[in-house]
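The form predicted on its own is given below as one chain in structure tokens.
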């Protein structure tokens, strides 16, 4: 079944949507944080996510939002503030980009292993050196195996909505994992769209009050946090976290069902979207704003009679193994678009390629799979690039062995 994003309800008199504003991705995230009634914000801005914190500080200064806004002295301090605020039952928010995200890695690791559910926005940015401010996905993907929820959005509307959805999933008592909301630098952080902003009442109806319950750190509730367990209990703790990540798949489905019931049928499938795939033989799959040229190329190629489609992966952790395997097994060939790198990896492919290929390995009808790496350092992935990727992917179905095939797109010769 083809799944396409439906527009929010056009009318706003029903109390679900309050107003429309022209917002970029950063500003939309700030509106989502305001609607989530976040208690504590820790800020150490670094581009391209800086305007999230700028917008939040303005909302607080204007009296439109009441939250504790703490300016940290580094990313590491920022992440520690957010972690500790979450541990005392405050809904907490922070963020970073690129090397700033990496600087706080110690805090990011222990936030996950302590099973605390704050949210961080990751304005995707290339990792230095050489200096680059453009989008790459390696920064957010660095936490993919640490116990984080990790989700990419493609529009400011989705960015706002996934602040609410992200908190709803992360804070669920069956999950309690930190949430990383990834938004592509420049292509989404700075691009403007008309965004329909939900009412406070609708947001509160969807997102319950944060309650860490028996795990709240408080003088009246003496508990141990991160004791030195070593060989005595570390394996058992790891297994508990592993189980929480498994349970998150079901909680995500529940959250989207509840969201659709309140805000209209916005998302037919929580984990990914399909675009014009009903009779497709060849598809591309990617994350983030790669979807824009990918979907446009599909439109143009369809007009010429090509049976192509695009799959936009939204949730990277937990990975939607069963759902994606069923989806991609329908096609003859799949092209995986990586806006990341994994130097020296199997077949020298990108990170997403390894995840997709692993997912499809047990499938009886496994399609030919090829990999594309492009858009690094913020370089544009054009409609023409997408059309070229479709052509290479379609040819893969006609060859005997293509699993190790990789193409760098838009590379200077």
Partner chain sequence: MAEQKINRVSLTEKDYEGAPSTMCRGCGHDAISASVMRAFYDSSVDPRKVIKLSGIGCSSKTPAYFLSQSFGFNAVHGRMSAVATGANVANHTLIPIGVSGDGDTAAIGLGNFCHMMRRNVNITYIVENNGVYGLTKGQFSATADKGSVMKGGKINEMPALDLAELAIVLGATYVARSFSGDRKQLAPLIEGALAHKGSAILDVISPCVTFNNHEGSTKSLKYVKEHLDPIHDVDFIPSYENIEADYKPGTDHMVTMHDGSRILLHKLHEDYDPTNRMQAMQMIHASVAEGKFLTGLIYYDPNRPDFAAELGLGDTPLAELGQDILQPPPEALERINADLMK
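The shown structure was predicted, so the numbers you read here are calculated from the model rather than taken from an experiment. Residue numbers count along the first chain shown, from 1.
FYI, the form predicted in complex with the partner chain isn't displayed, but the following is about it.
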Problem - Stretch in contact, per heavy atom within 4.5 angstroms of the partner chain in the predicted bound form, of 279 to 287, 140 to 148, 73 to 81, 309 to 317 - result: 73 to 81
Exercise for the section: State the residue from 103, 187, 275, 272 whose non-hydrogen atoms include one within 4.5 Å of the partner chain in the predicted bound form. Expected result: 103
Problem - Contacting member of 45, 378, 374, 367, with respect to the partner chain in the predicted bound form [4.5 Å, heavy atom] - result: 45
Exercise for the section: Decide whether residue 53 counts as a contact residue for the partner chain in the predicted bound form under a heavy atom distance cut-off of 4.5 Å. Expected result: yes
Practice task
Mark residue 387 yes when one of its heavy atoms lies within 4.5 Å of a heavy atom of the partner chain in the predicted bound form, and no otherwise.
Solution key: no
Exercise for the section: Verify the contact flag for residue 31: yes if a non-hydrogen atom of it lies within 4.5 Å of a non-hydrogen atom of the partner chain in the predicted bound form, no if not. Expected result: no
